[in-house]
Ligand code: C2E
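Just the one chain here, laid out as structure tokens, in the form predicted alone.
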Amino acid sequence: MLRAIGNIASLRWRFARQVMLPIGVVALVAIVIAGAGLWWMTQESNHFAIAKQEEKMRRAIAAAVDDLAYEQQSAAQCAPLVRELAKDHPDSAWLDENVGGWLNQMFGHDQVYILDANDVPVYAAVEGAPDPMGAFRKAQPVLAALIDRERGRSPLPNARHSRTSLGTPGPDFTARTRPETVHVSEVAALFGRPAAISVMKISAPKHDVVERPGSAFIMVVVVFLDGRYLHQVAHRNMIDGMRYSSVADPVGGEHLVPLVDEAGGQHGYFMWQPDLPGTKMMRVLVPITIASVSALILALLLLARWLWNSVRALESTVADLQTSEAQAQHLALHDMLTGLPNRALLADRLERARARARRGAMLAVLTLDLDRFKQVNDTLGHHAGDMLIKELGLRLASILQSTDTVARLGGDEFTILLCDIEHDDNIEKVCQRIFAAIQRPFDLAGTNVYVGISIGIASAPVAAIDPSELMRKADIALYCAKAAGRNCHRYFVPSMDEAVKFRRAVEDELRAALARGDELQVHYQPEVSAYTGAIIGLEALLRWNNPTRGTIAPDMFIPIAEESGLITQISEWVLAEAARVALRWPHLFIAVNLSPIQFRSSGLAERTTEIVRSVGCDPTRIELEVTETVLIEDSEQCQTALEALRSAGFRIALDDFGTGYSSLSHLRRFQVDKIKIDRSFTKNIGEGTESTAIVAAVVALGRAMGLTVTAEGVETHDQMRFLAIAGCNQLQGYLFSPALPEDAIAGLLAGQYDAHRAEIAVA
């Protein structure tokens, strides 16, 4: 009896020493670590939040300075203003309406001054109303240094926001004005208030305006950064209690950011109550942590009692844990939707296969991507898409040998690893079985769905041995298969890699060309009247003269620009150039192509209108050319954008008509103004092909709908006569002129080729 009691006491002692003591120590350590971690996380979160708010404030101030100069440019770089100031007595009412009042109403500029060559104000406006120069006299001590820098009387080089003739901009240059615009922009304290100030030379970058020598007018604009502006910044960035003070007097935990100019001088402080998410989180988590720790301690006590009373149950639990571990390991290596191996397991099997490949065995990696899978998701829903993926996984697994692997990498992307291949015919047979499996319809909730598949193939040791290289080269081959029309397979060859490297090199060189601005040019191809032969419009066409590769064709670099996202920047630059040229020849329209990529932006119409009007051009002078691809891919967004563009005054032309779907419903729904017959039909006119009938039908369709019809690619007199008789309104092609630089177009319009035009008219 006593021995049994002693055994029980000894057992309890050992249990307390071997189980309870470690549990207690672990619990204590966990509590300390949790508390320290919670405190550290609170401090770091607060510091990060304050730094983020401070950075937002600094960027907002910098953006205000750059925005001010960019907005000022629209008035200062204006030909009508230069002509008005050239008068002996400028019209004050005109200046009020078109300068002071306009800048205040359009951009909220608080003060506007125009100074003559002697820095004497000839015009002043405060809050959009004329001012009798009282404000300027008070502001002159602050403005004098900026005026001297703009005039070149100060040796200071270009600053971050300025663009003067003293040196080139530094690496942190942020001004968004045109390169020829001369201005100095800075922050300062004016009338005891924080202000963004910009001093800009008034000029007209147009060939039809001659500035009077010694007229060197400058414009000074001021926007105060307190009041309304400060409220907008606080509201936009969700910052509470934001205020400005000329001295550092934070109250109640306020955080401050000094208002510093480019020379390092301080002009006051912006202060606000910082948002401290860490502190808020601490208030929420402390009670939860205490409750959790208490629950943990209670759970540990219950666990200890359960361990004491249920040793055999513990053994059963261990067995259950082992089973769960096996299940977790399976899930870690397999795709949850299809049950196929995932990327991790594929990588492991690729590594093992590489060892066999080094000993002479042949293997292949096939990357597969479904064609038209997005349409399934869009039309039938994602549940149907999941059913399709699961069924596809079953079909692929059923056509492979046990030594092969089919893995799902995500979405509709699958990869197949073929091992122990005897010759290339084995790969070809697998591809044929894959295509045969895909050709059968997929039954998705009673709906038969047909899809295609593209396959890229890279084999070892021919293509590579390294698994990552095999996967990369198989992906390159897949890209080529999709480019070849989809629903096909392509084997990797070295030229594909060279093509990828070439595209990457061209993309890098294109970015550099955009940065330098001296390689890209806009040429213009005339569009002539089919009845008179007179030039009535010009189409703006981009040209690239690469210093190392020579002239690069647009059909080579435009797709690269679209894939890389550079096309929007390029197209906007071409549009600005075309608008400028439209001002030079007001009797001609200028046609500009829009990329389908641009229609993916919701602000296309607004941005296009802003660019054209910023150079003083009427949108009615610009004709925007779009392709049928744009109308099909996202018709709702496209229709909204086209309606906005038409409302702004732009004319819409449907380019390359006849090469796409050529749907009559598109012409009715999108209300285009012109259709352009593609050159592929024009070149076959009169050769006994169906192109002649197609052209005649398109012309009849266009005229019946009241549309202007233009034929592209006109190269012979016979084509010209046929198209004119058929009823085409306008013609375009090498018969009249290739695309020429602006100066050559000027010569053409001046009569340099009158003899050639007369010959065409007679013919």
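When you see a residue number, it is the position in the sequence shown, counting from 1. The structure presented is a predicted model; accordingly, all values stated were derived computationally and were not measured.
Not on display, but discussed next: the form predicted in complex with this ligand.
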In this chain shown alone, the residue from 475, 261, 369, 625 with a heavy atom within 4.5 Å of this ligand in the predicted complex is 625
Can you pick the one in 679, 354, 151, 651 that has a heavy atom within 4.5 Å of this ligand in the predicted complex? 679
Only one of these stretches, 299-307, 592-600, 454-462, 245-253, has heavy atoms within 4.5 Å of this ligand in the predicted complex; which one is it? 592-600
If we define contact as a non-hydrogen atom of the residue within 4.5 angstroms of the partner, is residue 190 a contact of this ligand in the predicted complex? no
Although the partner isn't part of this model, could you tell me whether residue 525 comes within 4.5 Å of this ligand in the predicted complex, counting any heavy atom of the residue? yes
Is the gap between residue 80 and this ligand in the predicted complex 4.5 Å or less for some heavy atom pair? no
Contact flag, residue 186 vs this ligand in the predicted complex, heavy atom cut 4.5 Å: no
Looking in the predicted complex, is this ligand within 4.5 angstroms of a heavy atom from every one of 364, 480 and 500? no
Looking at this ligand in the predicted complex, which residues in 709-738 have at least one heavy atom within 4.5 Å of it? 712, 713, 714, 715, 733, 734
